[in-house]
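Below sits a lone chain in structure tokens, taken as the form predicted alone.
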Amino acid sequence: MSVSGPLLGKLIVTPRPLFDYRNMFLLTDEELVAGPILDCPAGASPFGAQVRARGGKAVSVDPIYGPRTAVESRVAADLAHVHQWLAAGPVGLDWSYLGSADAMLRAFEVSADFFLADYAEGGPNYVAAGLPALPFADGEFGLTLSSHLLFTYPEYVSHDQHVSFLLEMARVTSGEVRVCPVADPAGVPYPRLDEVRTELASHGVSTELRQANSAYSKGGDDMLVCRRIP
């Protein structure tokens, strides 16, 4: 399946806020404070800060974390890229969920400010690392969340990387790994999802699909849930 319209064209860092995470991952109030939660990759999301403000424990991990000036520059550049992408008229976005391009950008800008106000280089809450090698112990987190990397960029993340990334997240998680969406920005489902799930099962990781309450793109409201088989 293919669609017409401009592609994102690069891996971008986005500042999706807590309300988006609730919808994407069907998070309950109890899950937010049960923790610890790993956000991987977290990008410029203020999710971790918002969880901690509610008394929970969350760790954000992303390879972009480093000197503040570099992080600020990356966030600003990627927000500008999203603005240009939206102006070009991308195909498949679900405006019944997003509202409008202006509303989406305003939400992202506010979230980015919240993230930057909380961001601290080298602290325990923001860990500079990336898949498939996370600096955490087996089962260190009760829940791991991963949005808009796997399945979103099939042109940048290979089939083998999808499997290795999911296995690594499952390794550090005692409960569920939740991944959303399982489609690209145009709503095209990842074509090799069944193969990924078969390979995960062969490594002792069970999977299921759940329908989320979020749809950035039409048809893009599925969430993949992974869990190590005892």
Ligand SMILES: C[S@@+](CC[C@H](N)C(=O)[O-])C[C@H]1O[C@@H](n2cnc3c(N)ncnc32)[C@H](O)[C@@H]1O
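Keep in mind the model is a prediction, meaning the values are calculated, not measured. The first residue of the shown sequence is 1; numbering continues from there.
Same protein, other form: the form predicted in complex with this ligand, not shown, and the subject of what follows.
Annotated contact segment (heavy atom within 4.5 Å of this ligand in the model of the complex): 61-69, selected among 196-204, 61-69, 28-36, 48-56. In the model of the complex, this ligand sits beyond 4.5 Å of every heavy atom of residue 154.
Shown alone here, residue 144 lies farther than 4.5 Å from this ligand in the model of the complex, counting heavy atoms only.
A residue is said to contact a partner when one of its heavy atoms sits within 4.5 Å of a partner heavy atom; residue 214 fails this definition for this ligand in the model of the complex, lying far away. Contact check for residue 18: every heavy atom lies farther than 4.5 Å from this ligand in the model of the complex.
Interface residue among 112, 79, 131, 93 relative to this ligand in the model of the complex, by the heavy atom within 4.5 Å criterion: 131. Within 4.5 Å of this ligand in the model of the complex, a heavy atom is found for none of 136, 166 and 226. Residues of 166-198 are not found to place any heavy atom within 4.5 Å of this ligand in the model of the complex.
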